[in-house]
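Shown next are two forms of a single protein chain, provided one at a time as structure tokens under the names structure 1 and structure 2.
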Structure 1
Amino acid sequence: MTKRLLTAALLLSVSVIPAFAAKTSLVVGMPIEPPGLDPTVAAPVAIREVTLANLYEGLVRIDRNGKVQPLLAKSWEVSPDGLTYTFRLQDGVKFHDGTAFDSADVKFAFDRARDPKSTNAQKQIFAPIDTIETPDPATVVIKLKNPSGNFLTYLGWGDAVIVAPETAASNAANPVGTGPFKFKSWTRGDRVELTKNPDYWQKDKVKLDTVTFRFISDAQAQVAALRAGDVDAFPNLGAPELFAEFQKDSRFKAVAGNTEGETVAGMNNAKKPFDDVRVRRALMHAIDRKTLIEGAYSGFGTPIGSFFSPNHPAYVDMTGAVPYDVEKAKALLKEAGHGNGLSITIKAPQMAYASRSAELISAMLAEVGVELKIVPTEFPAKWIEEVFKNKDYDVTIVSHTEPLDIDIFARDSYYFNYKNDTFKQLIADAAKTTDEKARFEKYAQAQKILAEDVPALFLFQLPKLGVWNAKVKGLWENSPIPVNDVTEVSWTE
């Protein structure tokens, strides 16, 4: 009799459990594996796409609409002269190792980033800083040497996340931050696994228990993984020719969004023949951007004529500055002494947009007598070593996905080897200009200089072709900053 009652009770308890509980795990696909997991010491975007907002947090964050929002700083005040920023920090925040977060960590992180020996990829963020004061554990006062019109926005980048002195040195392999997820494991060449942070200071905001980032470089394999259910989401699908099929499939949500990624074929401006603006303009005249976008990205993407995002209010359409004109290209090459032809190489990373674009550009340049030999170059490791660091290249192609990064053409040591004192001064002046209208005017002038000087072949703005399971909600449709923020992601039942 007792066993019967027990059995009945068990059956009754089972009957009240929902038949289908919402999933609490997510598998996100990415085309590129990061070389490390610390965004404060290296440039590759893949680092930020795994870690920013998930493992690490900054004083502020850039939301899905591109707006600056509070994060580790719950509020701030800016002095009337724009030189003093006072940040009030959140209470009860802990790093993943259990140590408390306070103002000393902010000072350490920023002093580390702006140290002359630092390898931080965006040191211009910290260049205006004069002093960092910590009057108490919950307050940080940053005093600038000169105003910085984009200072708060920059503090939302992955390069400005807060790391602790106890763990900073080992973060590249064993990341410790304050974010909603903790690092679990990294299987090189395959995946990074994260688990929910039980001590997260906004714990009610997080719905997922586990997140896995899988690295699949082959575009067809990306599609197969989605269809098989091995991957729940691919925020940046590498097979644009199959995107329309996902749009028609009710099992998936497919969204054509935008990014901040200017896709350019950078030229080594210090190397002949690229030190001659006539050659650079000739190569630009040879490029049919519309045909390139159709062939490389199935028509997705926006043509650009300079190095500025069409999503930004200061954008100026400069595609008419050096338009597609085969005869003009031939004439300029002849004028520059290359009327009998020219042979150059392009180091093309394995990403689908880069390899496809390189093939199309090669065909277009052949029409004007330029032989462009394609050299496949593994990204990120080999590309960073040969192109980014050693500047051992003629032409290369890559998308620069950081927002508002026109200033890279003003950096003397950047891989373009571009030198233009007028442009450099203009960018410096823009950075110090707090009046938005005046700053935007300077950005417009800077765009015009680049469009006419052509230090790189300006091609198209990289689209964001996101595909994910239709039951997944909360993923970003656009990328105002390079990130795969899964903080608010959940499954419908």
Structure 2
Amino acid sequence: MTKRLLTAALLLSVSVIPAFAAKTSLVVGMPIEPPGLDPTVAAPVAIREVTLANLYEGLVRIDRNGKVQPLLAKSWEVSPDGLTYTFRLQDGVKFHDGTAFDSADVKFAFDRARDPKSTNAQKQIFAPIDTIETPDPATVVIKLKNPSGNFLTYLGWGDAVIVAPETAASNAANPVGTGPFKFKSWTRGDRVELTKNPDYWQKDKVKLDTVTFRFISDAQAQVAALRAGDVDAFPNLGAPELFAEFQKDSRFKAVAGNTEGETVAGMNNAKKPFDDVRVRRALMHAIDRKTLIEGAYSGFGTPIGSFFSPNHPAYVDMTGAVPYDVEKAKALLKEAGHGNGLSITIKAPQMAYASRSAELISAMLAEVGVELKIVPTEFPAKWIEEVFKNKDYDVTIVSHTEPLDIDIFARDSYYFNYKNDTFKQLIADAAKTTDEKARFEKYAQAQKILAEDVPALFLFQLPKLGVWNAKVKGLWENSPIPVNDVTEVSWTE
């Protein structure tokens, strides 16, 4: 009897002790350090990866599937004409400095973002706003000048988080939001530390006491830090060639998900010979996306045939539109008058995926008689100056990481120099269409136009190679928006 009791006690202790021992701190590794901690005043993705959903919250949030969910707004109504949005706000929400959150803060935050002097990186979010009214502290009414189909999605981005008038000016160095974690310290060049917000309005959801973001740029060092346990999770591992080893290791969970980064080799559509659609299609026919992904990214990454993220519900697989076909490529080049060969250059940034892809594309184009000279171009400064601003290039290659950015092909001054009025009209219509199904249909048509017209060589979706300790639960496998949301992350055991 005593023996049995002892066994029972032992069993009980075995099952109970680990529950007490479950860790409540998390160290997340990131390749790039953010320049500041205010996502409403600057573009870098690293700012959102630290602050969005952890320190700051918006009216809505984008969940791990890319869907819009309520957050600081517990519900909303949209008028039938799509011009009036009425948001009902959560009660009992407080900023980290103790002040209460109400409709005035929403008005302040949005007015600050759309002010002509603001440096907000995504002003198109706020461009359609006509007026913001606050009939009572728990209600915000936003009137638009014209319908904006993606308005709610945009409100979930880091650029539209709610900040308080008292603290907005100093948020870059000392962030104050309404999120589940409070800012504790920032050791420049090393780490940002956050601690649990005891007054958080959804306290029960949060399992972690402290979250530390560590910045490690070198891929080898990232791997070493994970192996040594210095870092618990690397949501975006820098080196795909080292990722496969983690997949075999049971101590880690290694997930290859999708980012919003469409990797494309943009062509200067205004310049000869790229003004000829036959040449553009020929180059696309010459590229074997599967081999490219294998060589440039160790086989991780989804091939794309147009400019849309496979994460998005409106995504259509267009990889079959202009498939890999060497003979067709040669025939098209001959038809366009380049049967005797063609010599062009590619300005390739130094990032591994870009320079490797450039080398592979150069080898593939050589097979169809096109000589592609590689000109290494430092990113961002030199690339922005030469390619993005001056449009002094033939072909270039870069990943476009903003979500839902197909409209860049409709912008006149964008570096592709692409002009297609049908496409432009379609994108403008889509932006104004509030009915989801109709809007997605328009996006599908837009994807098709790009796939057929090939203003850029559509290559692959940059994968999100996440590696974390197998005992960590709740991290995102895909990143429909750039964020490291650790609200519901916990340790099992």
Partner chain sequence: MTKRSRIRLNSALVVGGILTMLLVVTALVSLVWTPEVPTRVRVVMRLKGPGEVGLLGTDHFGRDVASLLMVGAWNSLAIAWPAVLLGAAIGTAIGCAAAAWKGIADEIAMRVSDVVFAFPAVLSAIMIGALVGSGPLAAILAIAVFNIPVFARVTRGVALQVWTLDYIAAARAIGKHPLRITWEDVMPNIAGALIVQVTIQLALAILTEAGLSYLGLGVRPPNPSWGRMLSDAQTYLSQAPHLAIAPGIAIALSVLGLNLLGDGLRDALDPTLKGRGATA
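Between two forms, the rigid core is the largest collection of C-alphas that superpose within 1.5 Å. All residue numbers here follow the sequence of structure 1, with the first residue given the number 1. Source: prediction; values computed, not measured.
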property	result
Correct structure when looking for the form predicted together with its partner chain	2
Same-part call for residue 25 and residue 63, two rigid parts between structures 1 and 2	yes
Hinge rotation between structures 1 and 2 - smaller rigid part turning relative to the larger, in degrees	23
Rigid-core-fitted C-alpha displacement of residue 460 between structures 1 and 2 (angstrom)	3.1
